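The data below hold one chain only, encoded as structure tokens and taken in the form predicted alone.
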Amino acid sequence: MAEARKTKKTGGAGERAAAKTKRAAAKRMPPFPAERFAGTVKLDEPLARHTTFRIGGPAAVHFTPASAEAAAAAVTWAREHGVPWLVLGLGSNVLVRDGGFPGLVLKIGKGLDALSHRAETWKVGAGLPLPLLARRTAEAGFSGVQRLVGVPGTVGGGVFMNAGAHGQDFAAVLISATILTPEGEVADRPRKAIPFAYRRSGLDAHVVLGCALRLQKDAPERVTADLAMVLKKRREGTPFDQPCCGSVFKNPEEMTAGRLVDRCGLKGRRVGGAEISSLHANYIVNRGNASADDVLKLIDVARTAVFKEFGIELELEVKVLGEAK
């Protein structure tokens, strides 16, 4: 259980020394040239304000670009100066450690959230929330993404993770993705060139800035009814209105992760302010004062119990980012 062992080592002398070195490097980071890039800049911004878990230490620089060009320029600046950087959308599917992130956090949201269509082809900005995409397309009478209404993230994150729910995912409807390449170029990549798999796109080291989707024309009342049915199930079966990241573990082939954790009797188990949801065992919720360390310890409890009981190694779906405090 390699990843589980890493969790147990959190806070060790080696990791604290590495974190100290990174923080020292961040302090030597050159000032972010906000005047050069269109967008909104915040310094030492708590990432708990920008994640659905409501957990996370400060980002040295938090930048919301107003355009694809501004996003590309900011990433180019970070690379040229050796500044670490990462991308956030709505902050779902991530757990930011309590020490925060000692570099540039690129927030894909307003400015990159356009939505338009011609016939069955929809052009979508990466910053558009997935629930809004599901509702807008359903109301217009187009089927293909309405069942993603309960996925708490942005379109960019959805493409990057190949987000899916109830038999729908991005791999099935994507025509092309507009991406920022590791070389700092904005390019369009066709669907056939993207190696989609379960909850993976193969776009590692790339930033999704937008996409084109092919949806099917349908009766608006039928698509919106389907959306309402999915949303009702989501609200009844998951802690929809509590701070969480979404599913913590990927589903193994043998059985769903939630059922495995549930069969270990772990619903309601708490560590500090974090709790395995009593509604759905593949969700960990923030009861109000949870730290990232609380969540990581609870993840280790669940993984260890499932491995001991079933011999199954649960793989994380949530992405753990940042540094220990």
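Please read these numbers as outputs of a predicted model, since none were measured by experiment. Numbers for residues come from their place in the sequence shown, where the first is 1.
FYI, the form predicted in complex with a small molecule isn't displayed, but the following is about it.
Peer 1: Considering non-hydrogen atoms and a 4.5 Å limit, which listed residue (Leu90, Val173, Leu133, Val83) is close to the small molecule in the model of the complex?
Peer 2: None of the others qualify; the residue that does is Leu90.
Peer 1: Considering non-hydrogen atoms and a 4.5 Å limit, which listed residue (His117, Arg214, His206, Lys110) is close to the small molecule in the model of the complex?
Peer 2: Looking at His117, Arg214, His206, Lys110 one by one, just His206 meets the 4.5 Å heavy-atom criterion.
Peer 1: Please check if Gly156 has a heavy atom lying within 4.5 Å of any heavy atom of the small molecule in the model of the complex.
Peer 2: Yes, contact at 4.5 Å.
Peer 1: Using heavy atoms and a 4.5 Å limit, would one call Gly141 a contact residue for the small molecule in the model of the complex?
Peer 2: It does not: once the small molecule is placed as it appears in the model of the complex, Gly141 has no heavy atom within 4.5 Å of it.
Peer 1: So in the model of the complex, is the small molecule close enough to Gly246 to count as touching (4.5 Å, heavy atoms)?
Peer 2: Although the small molecule is absent here, Gly246 would touch it in the model of the complex, with heavy atoms inside 4.5 Å.
Peer 1: Quick one: is Gly164 in contact with the small molecule in the model of the complex, heavy atoms, 4.5 Å cut-off?
Peer 2: Close contact exists here: in the model of the complex, Gly164 approaches the small molecule to within 4.5 Å, heavy atoms only.
Peer 1: Quick check for you: of 214 to 222, 148 to 156, 184 to 192, 73 to 81, which stretch puts a non-hydrogen atom within 4.5 Å of the small molecule in the model of the complex?
Peer 2: Flagged stretch: 148 to 156.
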